[in-house]
Structure formats: C-alpha cells, structure tokens
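Just one chain follows, in the form predicted alone, and it is written as structure tokens.
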C-alpha cells in the first residue's frame, strides 16, 4: 500500500504528527502502532496509570543492562505499547522545561529551537484552564488543569515549609520562570487524561486520508539503492507487510525504539552493525548515543496525621474516591499523585534551578516484580522525591540482535560523572532541610528511609545508589545538531544524509530539559509537523 507519509509510532509525538499531516486533506497518511487501541477505562482515569505500570499488553516493560554505579541493578524503564504511547500510561505532570534549556538547544547548532521560537508551539497545543496569556494557549487540543486548590493539606504544609526556607513560591511552572515551589499542572480535561491519542488522533481518524495499522511491529525501513527511505516493513499478527511512502517516513517510536529501528535498518555505527551482520546503509555513529534520563529517589516519612495512605489502602476509601470521580470528575482519582514540588537550586552557588522535587501525599514503594502491585505503605505517610534537572551522564541504546522482536540494550550509564554525584548530595540535603522546617512539625513523625542513620555523605550516596530509579524521561538518542558525527538529525529533523527520513520524538532532544518531558515532546511534534508541511509545500 502506498501513502504520502508514513508515521511509525502512535505515541505522544506520532499521534500529533499524523493528525497535523492529514489535517488539510491533501496528503494520505499511514500511522503504524505496535500496540493496540487505548480503549480501556483505565487509560481515561488519571490514577489508572497504576494498572499499566506492569502490564505487558500495553507496556514494553524494558529494563536497562546492569548499572555499575547503582549496585549492578537493572533499572525498570516502562514504555507505552499502546495507542497514545507513554502518554497513555504516564503520571501527566505537565512541565515545559526551563527557557534556558531551549536556548541550549539553539546554541548546540539548531536554529529555530530557542525558547521564543518553541513557545508558539507550546501555546498551539494547549488549552489552559486559566485561559489565554502570553504563556498559555486557550484553543489547543491538550487541556491543562492546575491542581492548585485541590491538594491534600500535607502538600500545602510542604509549600509552607519551602516558603519558610526562603524558597520562592511559583504559581505557574510554565510561566515566566520555572524556579520555586508550587503545585503542578496536569494534562487532564474534566478529570480525564488529556493526551495526544484522545485529543489529536481520535478526531483525526475520521478523515478518509488517515489510516492506522495497530499490532504492527516495525521490523525495518525500506531503503532504495540510492539511499532514500521509501517505506516500512512490519510484522502484523504473524504476517510480514510492506508499506510505501511517496514523500517521507517519520520515526516517532521514542527514545528507545527509534534508534533501535534505525540500527536494524542499517543506519547507525557501522562497526556495531557489522557485529550483528547488518549491512551499513549509512554510517551514522551518533544513532543510539547521547541517552539521557532523570534519575530519582524518594525520602519516606511517617506522618502524625492521616495522609492518602489509609484511604488508598482501604476498599471503602477507594470506593469513595471512585464515586467522587464518577459524579464530579474530581478528587484524588482525577489528579496526579505528584501534587506539589518545584525546581530548586541545590546550593547557593548554582546559577539556575538544578534539582526537581516531587511532593506526594501518598507514600508507596514501587515493586520490583511485575507480580506485585503498587500499594501504600502500612502507616500514614508521605514522600518527597528528587532528581537532578540536567544530569551530565550519558548512555546508549543498541540492538541486541538483528531481530526486531528482541529488546534493545539500554545502558544509561547513570552517575558516571562527578557533577551528577554532587547533585545527589545536594538533593539529599535539600530533602532534609524541607522535612526539618517548622511548617512540617505537625506532620513529620520520623524519616523512615533513608532514616536518620544516613548521617554522612557516603551513606546518603549509598542510599541513592541502591534505591534510585528512572523517572522515565529517556531522550536524546537521535539528537539534533549540525555535525553528522555527533548528531543524527538536522534542525529540521531530517536524518543526516538519508533522504525521505525524519525523526520527530524525544530522541531528537540535544539535551534533556528540566522537568517532565511529555510536554516538550508534544511541542517537538507540533513544530516537526509544521516543518514537514513547509518543506512539502516548497518542493
């Protein structure tokens, strides 16, 4: 079958790209998705992401290779395997990143990607509950809702503690500055998840020029003798099928599976491909390099007063929350569990916020086994988590074999720089300063873990090494840049030296942004789709 455009991956980015490319009706578009449709009720209700956390039907459930600096542990890296991708299974915190992050993108040789140039695309994708402003849109598909005013009292006490410490309070992390403490916005509409599958793709699928093939796992790109990418080969329900693109193939399979598919197709480091018996169609040494992620750990506290633990652990409490959601589309089931937090300087010498904090009025341990469930701690509690905003450790994604069915090798190389270790200690001390503030005296009974026994830098670092995990912000593995030796795509997201192929997803980030990356990924999709249409018109 022949289409003008083929988009590989119906995730946060792919749904937007397919929608925008098909919008005019002039182009035929095929969207390929390895998973199924996101029909389940649990994809709609915000708290439902707990149901998909260890569900192999909708989650690739990847793990890293053993990480030398984290006690040899294999770190869990969930990725969406369903229409909507990771945007269907994430915790919905909506943060754009700091303006400086995008200035860094532009400075890395990517004209058009400074903050003033990406802000219009952030506004384009958004309908903010507070209406239009210089920082927000009010007519975009993604609905953004502030949680301020609906948070638990212990979250409010956290904000009081930050204020007591002289940390400025921030009413809007997506406004003039990201710095300070506040309550997060979430991408919800009337208490339901608002993501690119629901808001972009479902309406677009009514168009006759947009088709979708689900349960279609891309095996390789079809490449002509002249090096041009002309289509995609998939395996769908046991059958091998080929689809042809007249104009372009757009990879939007994410920071793990986009470089994997390129390598399977002979686009990558020639030496690495040779090891697997794959012919090098284009030597692109940066494919799969520059992997970045936010590495996070939590400090757990026993509370003197009730938190959400008791009600989430009780069938009666869950039923009450469920009824509130059904009748009013409000309450804890309509929110992210990560209610408050912010972006702080880990020391006075830092020139910009370098530590992100999440405050959660529910304390729970993430089970390491898929057979276990996410359950609250058996006492009233809360947790405070942190990660470095811009870790300097970089890793790789590489194929394990020539078979598309084999999971790739994910090597984040966490904590491999002195800077990242320094920020672990900054964040750990920050947790203690916040918890020791007078505003939390009426709440904190004790620090359960790491506990006060972790009274030295070495002990705090050991706790982080043994208890930290990914916060699932993998990006950067097909980075934008001008040098084909160090980047994969140019500033218009075209793969260097490979006609007919672009990448439009989180893998193009030159550097990770401060905060959760779903919002900037959707921005990249909006801007990338606009570029494709501009280039198509100019041909």
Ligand SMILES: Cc1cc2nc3c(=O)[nH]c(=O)nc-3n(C[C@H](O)[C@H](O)[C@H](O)COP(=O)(O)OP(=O)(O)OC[C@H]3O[C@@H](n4cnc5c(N)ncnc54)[C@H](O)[C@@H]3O)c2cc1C
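Numbering follows the first chain given and starts at 1. Only a predicted model underlies this, so the values are computations on that prediction, with no experimental measurement involved.
We do not show the form predicted together with the named molecule, though everything after this point is about it.
Engineer: Determine whether any heavy atom of residue 21 comes within 4.5 Å of a heavy atom of the named molecule in the predicted complex, and answer yes or no.
Structural biologist: Taking the distances in the predicted complex, the answer for residue 21 is no, it never comes within 4.5 Å of the named molecule.
Engineer: Contact between residue 79 and the named molecule in the predicted complex at 4.5 Å, heavy atoms?
Structural biologist: Yes, residue 79 sits close enough to the named molecule in the predicted complex that at least one of its heavy atoms falls within 4.5 Å.
Engineer: Using heavy atoms and a 4.5 Å limit, would one call residue 223 a contact residue for the named molecule in the predicted complex?
Structural biologist: No, residue 223 sits far enough from the named molecule in the predicted complex that none of its heavy atoms falls within 4.5 Å.
Engineer: Although the partner isn't part of this model, could you tell me whether residue 90 comes within 4.5 Å of the named molecule in the predicted complex, counting any heavy atom of the residue?
Structural biologist: Yes.
Engineer: Please tell me which of 250, 291, 218, 340 lies within 4.5 Å of the named molecule in the predicted complex, judged by heavy atoms.
Structural biologist: Going through each option in turn, the one that passes is 218.
Engineer: Based on heavy atom distances of at most 4.5 Å to the named molecule in the predicted complex, which listed stretch, 477-485, 491-499, 38-46, 509-517, is the contact stretch?
Structural biologist: Among the listed stretches, the partner-contacting one is 509-517.
Engineer: For the stretch 256-290, I need every residue with any heavy atom inside 4.5 Å of the named molecule in the predicted complex, listed N to C.
Structural biologist: Stretch hits: a single one, 257.
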